[in-house]
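We begin with a single chain expressed as structure tokens, specifically the form predicted alone.
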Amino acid sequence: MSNPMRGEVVRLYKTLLFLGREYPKGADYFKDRLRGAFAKNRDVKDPEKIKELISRGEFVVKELEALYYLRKYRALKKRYYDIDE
């Protein structure tokens, strides 16, 4: 019998894996950490706990997106604005 939240967990994993390609410390570092985090919670069966872990993962997705947008903004600012005062 399959867990009904399995699809959400797989989607979250794929999203994080995709976002990890641009991680500042490297994709391999991020991939290892991601795999470890999901493996640590592999045996969780309680639906409430799974929902809590999914919401935590979605928070991490938002944080990574904010990190990437900030990095792009800083690069554009450095490129187009004169920093000399």
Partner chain sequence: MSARVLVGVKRVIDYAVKIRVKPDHTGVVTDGVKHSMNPFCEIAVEEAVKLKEKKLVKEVVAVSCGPQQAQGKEIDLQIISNKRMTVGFILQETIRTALAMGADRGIHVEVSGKDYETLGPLQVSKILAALAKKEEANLIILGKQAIDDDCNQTGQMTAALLDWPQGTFASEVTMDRDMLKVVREIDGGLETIKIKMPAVLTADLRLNTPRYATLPNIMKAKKKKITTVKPGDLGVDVSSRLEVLNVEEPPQRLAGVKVETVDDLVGKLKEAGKI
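Numbering follows the first chain given and starts at 1. Just so you know, these numbers come straight off a predicted model, no measurement behind them.
Beyond the structure shown, there is the form predicted in complex with the partner chain, which is absent from this document and is the topic of what follows.
The closest heavy atom approach of residue 63 to the partner chain in the predicted complex falls outside 4.5 Å. Though the partner is left out of this view, residue 25 does not reach within 4.5 Å of the partner chain in the predicted complex, counting heavy atoms only. Although the partner is absent from this view, residue 9 stays clear of the partner chain in the predicted complex, with no non-hydrogen atom inside 4.5 angstroms.
Looking at 53 to 79, the residues that come within 4.5 Å of the partner chain in the predicted complex, counting any heavy atom, are 65, 68, 69, 71, 72, 73, 75, 76, 77, 79.
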